[in-house]
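Take a look at this one chain, the form predicted alone, written out in structure tokens.
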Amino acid sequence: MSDWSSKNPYMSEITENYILNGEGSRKETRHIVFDLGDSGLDYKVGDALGVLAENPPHIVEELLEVQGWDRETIVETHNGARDLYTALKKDFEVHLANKKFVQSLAHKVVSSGMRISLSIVSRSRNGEEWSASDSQALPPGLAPNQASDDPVAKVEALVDDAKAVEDYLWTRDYIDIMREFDVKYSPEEFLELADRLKPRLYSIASSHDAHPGFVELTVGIVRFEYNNRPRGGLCTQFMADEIDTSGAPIGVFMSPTKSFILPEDKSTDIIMVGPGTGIAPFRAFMEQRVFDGGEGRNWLFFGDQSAKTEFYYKETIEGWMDSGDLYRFTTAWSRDQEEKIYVQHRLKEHGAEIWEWFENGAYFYICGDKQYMAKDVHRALISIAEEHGGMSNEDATHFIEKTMMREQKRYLRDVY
């Protein structure tokens, strides 16, 4: 077992970092390769790689500027004493604001010489509730319909509405909020409120047997702009922009899976559904199945917006098809025709054959978006069990959710 972990990451180097999309794509999806060097790190297909990112330099610089902090001030953090710049860059999540910070506005925002006094209770996002009791009267001369223009009233209205807080934080970071309310914090106050920087986990897109000494990822880079300032995914931008293939060290560790694994019997058929970057673990699965030389058939469902711009690993997939290692490859390009087609539609189209595979013991895997795609695929499987298995909705649901998923453990998901 390796000693490397999130608290003691191996400092790797990125050796390859290139865009998979075709010209004209609105997406930026990259193939990123890490050198495992002499780390002794090993992994199996289905595992995830933990990556330790840092905050974008421009965000840290803006934060120092808007608060007027001295970058060399020494502060205490969970990683020991640090200069403030390093603490903001490496130890805390400063690219997105949190709810605790919004709560703190109640004690910071002053209007017309009067401080807002709120009692706020917050809970976690799951089952979240907010309540607020207000002891703030409107400042003299401020009519009720002007309240929304007053900072005190703004904060009061914000913290009293859970949905408003979520919407507010969706489009703002700490710098936006500090500028909006003109609030100042000491470095110590701010670090008490900020969340610790957490590693990000990515499904591994390679087999270690096929790529000894390396681990590979398929990563969608998140970029957008708001309030005329560039934003994006913390770790994806860090890998794409700041590290790239510069040779700069980047901390990694393995996050093993116990459940998202290939069947022990190499003659077992498998069906893989991985649209978009969800293809990552199935590239690994296919590399492993080819390396192992088993007799099991492999059926891959893949899709994205367009075959011209999002056909990731096209040559590799076509090679597997030509060699017979990939028994069937079914695509769903949502924007290549007037009607949007997704993987769940393709599953239903091939429902009879999928049911035949299930009856013969095939494993079913899905990777990707948890909120929409995975739910749609799940409903499609129940529909297939009804239509082609001759089951009632209740029996079909039981078969998919209990028999296949829980008892036989041959319906496996890596969703996020």
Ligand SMILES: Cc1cc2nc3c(=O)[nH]c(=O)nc-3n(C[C@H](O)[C@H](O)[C@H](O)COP(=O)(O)OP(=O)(O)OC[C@H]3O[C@@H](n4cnc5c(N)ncnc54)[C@H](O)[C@@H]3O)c2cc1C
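Keep in mind it's a predicted model, so treat the numbers as computed, not measured. The first residue of the sequence shown is number 1, and the count goes up from there.
One more form of this protein exists, namely the form predicted together with the named molecule; it is left out here, but the text below deals with it.
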Mind telling me which stretch in 243 to 251, 194 to 202, 181 to 189, 83 to 91 gets its heavy atoms within 4.5 Å of the named molecule in the model of the complex? 194 to 202
So in the model of the complex, are Leu20, Asp209 and Gly319 all sitting within 4.5 Å of the named molecule, heavy atoms only? no
Does Leu96 make contact with the named molecule in the model of the complex, using a 4.5 Å heavy atom cut-off? yes
Against the named molecule in the model of the complex, would Leu158 count as a contact residue? Criterion: heavy atoms within 4.5 Å. no
May I ask you to state whether Val219 is within 4.5 Å of the named molecule in the model of the complex, using heavy atom distances? yes
Using 4.5 Å between non-hydrogen atoms, is Thr277 touching the named molecule in the model of the complex? yes
In the model of the complex, the one of Tyr226, Phe214, Phe291, Phe329 near the named molecule [non-hydrogen atom within 4.5 angstroms]: Tyr226
Which residue among Thr309, Gln103, Asn298, Thr236 has a heavy atom within 4.5 angstroms of the named molecule in the model of the complex? Thr236
